[in-house]
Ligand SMILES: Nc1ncnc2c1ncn2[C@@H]1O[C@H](COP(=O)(O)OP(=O)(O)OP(=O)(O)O)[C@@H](O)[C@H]1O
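Here we start with a single chain on its own, the form predicted on its own, put down as C-alpha cells.
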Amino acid sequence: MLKIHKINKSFGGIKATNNVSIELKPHSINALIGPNGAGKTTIFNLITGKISVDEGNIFIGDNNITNLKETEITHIGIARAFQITNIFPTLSVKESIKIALLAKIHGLNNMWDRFSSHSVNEEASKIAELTGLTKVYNTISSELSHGDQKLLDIALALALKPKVLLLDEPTAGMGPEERWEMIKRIKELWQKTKMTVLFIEHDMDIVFDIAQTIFVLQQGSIIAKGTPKEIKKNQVVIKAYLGGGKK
C-alpha cells in the first residue's frame, strides 16, 4: 500500500534520513518508533510532501508520490493527524467535518453552496459516530477536551477518505486513562475502516498492544523491523533505547 524506498534527506550537513525503506501492507496497522530526534516526524513530512525528498522514492499503490504537492498527495490517498491538533477552533465539530468533506469533494469552489447537502450531512454524521464525537457534535471545537480535539483532528483526516492514515503521537499530552481510551478508539477505527495506518508513539505499552509491525528508527536509519514480540527481544533496539539517540 505505502512503500518508501531508500529515501534520503539532509538539512545542511545533517542527514535526517539515511536510506530509509518502509513497506506497509494493505489494511495493516504499524508503528514508527525511535528516540527523540531519530527522524520520525521528518519521515511523515516527506511522505506528505511537506518537505522534499533528496533521494529515493515514495509510492502509494502504483503511484509515485515523491515530491508531489501536499494537496496532490492528499487526493491520491494520504491523510495525517498531527501531534498538535490542526482544527477549526471557532466552528462546531459538525461544521468542521462538513468543511473537510466538501474540500475533498469540491475543493474550495462553491463549497458553501453545498454546505447543507443531505449527503454531506449524512457522511459527517457517520464520521462523528466512527470517531466517538456524536456526543459533542454541536460543540465549538475550541471548547472540546484535549482528547476530543485529538479525535476531531483524526475525523478531519478521515473526511479526506484516505487509503493511508498517518497519526503523529495521537496520545501526546494525555493522562493514562485518556491515553488508553484514545488507543481503544484508534483500534476500533482501524478495524472498521480497514485502512492502512502508520503511527508515531513513545509509549511502548501502547505500541506493543496495537501495532502489527514496528519500524525502529535511530539517527535517521531503520535499525529494526518486526512484530511486537520480535522487537521486544531485539538487542539492537534495547541498546538504542537504553543508550538514547540524537533528535
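Just so we're clear, the structure is a prediction, and the values are computed from it rather than from any experiment. Residue positions are given as counts along the sequence shown, with the first one as 1.
Missing here is the form predicted in complex with the ligand; even so, the following discussion is about that form.
Enquirer: Considering non-hydrogen atoms and a 4.5 Å limit, does the ligand approach G49 in the predicted bound form?
Expert: No, G49 sits far enough from the ligand in the predicted bound form that none of its heavy atoms falls within 4.5 Å.
Enquirer: Might I58 be said to contact the ligand in the predicted bound form, defining contact as any heavy atom within 4.5 Å?
Expert: So I58 does not count as contacting the ligand.
Enquirer: Using the partner position in the predicted bound form, report whether T213 sits within 4.5 Å of the ligand, counting heavy atoms only.
Expert: The answer is no: T213 has no heavy atom within 4.5 Å of the ligand.
Enquirer: Is Q191 part of the interface with the ligand in the predicted bound form - any heavy atom within 4.5 Å?
Expert: No, no contact at 4.5 Å.
Enquirer: Thinking of K25, I29 and T227 as the candidate spot, does the ligand come within 4.5 Å of a heavy atom on all of them in the predicted bound form?
Expert: None of them does, since no heavy atom lies within 4.5 Å of the partner.
Enquirer: The chain here is shown without the ligand. Which stretch in 39-47, 176-184, 66-74, 191-199 comes within 4.5 angstroms of it in the predicted bound form, by heavy atom distance?
Expert: Careful reading of the contacts points to 39-47.
Enquirer: Where, within 1-22, is there a heavy atom within 4.5 Å of the ligand in the predicted bound form? Residue list please.
Expert: Contacting residues: F11, A16.
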